[in-house]
Ligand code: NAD
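First, one chain by itself: the form predicted on its own, in structure tokens.
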Amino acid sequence: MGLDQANSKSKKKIIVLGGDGFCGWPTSLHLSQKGHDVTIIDNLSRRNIDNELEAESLTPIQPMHTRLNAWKEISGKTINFYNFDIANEYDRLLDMIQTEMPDVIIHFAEQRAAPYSMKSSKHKRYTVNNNMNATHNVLCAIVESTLDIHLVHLGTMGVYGYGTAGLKIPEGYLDIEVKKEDGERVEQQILYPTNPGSIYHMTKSQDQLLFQYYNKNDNVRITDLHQGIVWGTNTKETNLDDRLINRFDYDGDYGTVLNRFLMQAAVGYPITVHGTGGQTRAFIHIQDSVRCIELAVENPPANNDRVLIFNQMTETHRVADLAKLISKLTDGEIAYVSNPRKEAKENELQVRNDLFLSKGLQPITLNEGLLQEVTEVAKRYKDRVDYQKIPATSLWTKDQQPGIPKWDKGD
């Protein structure tokens, strides 16, 4: 597969959909700092979900225009912002694309939490309606605009489930051999089979099919990033000023496992392991996440190339091993509780990430300094913790139980 390297690192006009979120905000700042012309479109739905769940970010997130004004003050660069819902306001999205004429659209505008997507029928339907309509509207608008736009989508490793059938999960495509009736063997490549473990992951699996169709039918240039679990809080840019600080989700619906462990240990809450902790997950630090998106922007697929798929992760770990590591680092207590998810008790996970390594990624891996940095952020804002929001209470099936540890706060 060829990559269009011509002018790949020149200044680009970029629209970031969902640029107010945990990954979207630091990505927007990073690309702006690199000299790109960045515009954010976001309906602030993640902030509205905070209101619904009554569980704010551990770090105090400033209003959007405060963030943007702070960025302009510090960097001298302007990021434009438009507040509307791309899943329901197609005409406005199309008009924005035709007016701005972006080189790249980065698509973060999907409800991103598996537990939230499983809370109730209402949440399942919201996740499907929002995620599927958002992705399809973006694709339709790109085609209708007649512009040659590179779409970069943030997906998830979770579309594959968590078993590898004894081989490393390839970057999107699987080599197979088909035996015809006459005995002839034919080699083919297919999308690596999906095995989603939640409604959220199911919508990401459907995204893949939409991308394949619009790439095949309309020659839309697409990069799909299958990302691991993101840990860490801040990047170089968000560390420049407290007004730029990134989200730190710790609640049972949106908090990612490693950040939750670090927060729990920092505030004296049990490090809560679901089931045996034998689940293996893929991970990536937030600084590497924004760097990977930059590399995807700089290395678009050429015209008429198929969808380019990267596995955006840097390492894999068993959940129980992470809990023991954090316990050793912080002297935190580990509590094993029932698993609210419907999944195998234990699994192996092997993943290829050759494409990003070939583009120059130098991975940040788990180290004591970065783990301590996240712990210090948690300690700094521990007074903002609502202890009732820490347990994971969303259940995959009616016969499961929430994973709530026995714990005496001591005060």
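In this text the structure is predicted, and so the values were computed from the model without any measurement. Heads up: residue numbers just count along the shown sequence, starting at 1.
If you look for the form predicted in complex with nicotinamide-adenine-dinucleotide (NAD), you will not find it shown, but the lines that follow are about it.
Relative to nicotinamide-adenine-dinucleotide (NAD) in the predicted complex, residues 45, 110 and 228 are all within 4.5 Å by at least one heavy atom. In the predicted complex, nicotinamide-adenine-dinucleotide (NAD) sits within 4.5 Å of a heavy atom of residue 85. When contacts are judged by a 4.5 Å heavy atom cut-off, residue 106 does not count as touching nicotinamide-adenine-dinucleotide (NAD) in the predicted complex. In the predicted complex, nicotinamide-adenine-dinucleotide (NAD) lies within 4.5 Å of some heavy atom of residue 155.
Taking the partner from elsewhere, residue 200 is found to have a heavy atom lying within 4.5 Å of nicotinamide-adenine-dinucleotide (NAD) in the predicted complex. Segments offered: 374-382, 22-30, 53-61, 354-362. Contacting nicotinamide-adenine-dinucleotide (NAD) in the predicted complex at heavy atom distances within 4.5 Å is 22-30. With the partner omitted from this view, the residue of 256, 314, 208, 235 that lies near nicotinamide-adenine-dinucleotide (NAD) in the predicted complex is 256 [heavy atom within 4.5 Å]. Shown without its partner, this chain lists 287, 330, 299, 130 as candidates; in the predicted complex, only 130 has a non-hydrogen atom within 4.5 angstroms of nicotinamide-adenine-dinucleotide (NAD).
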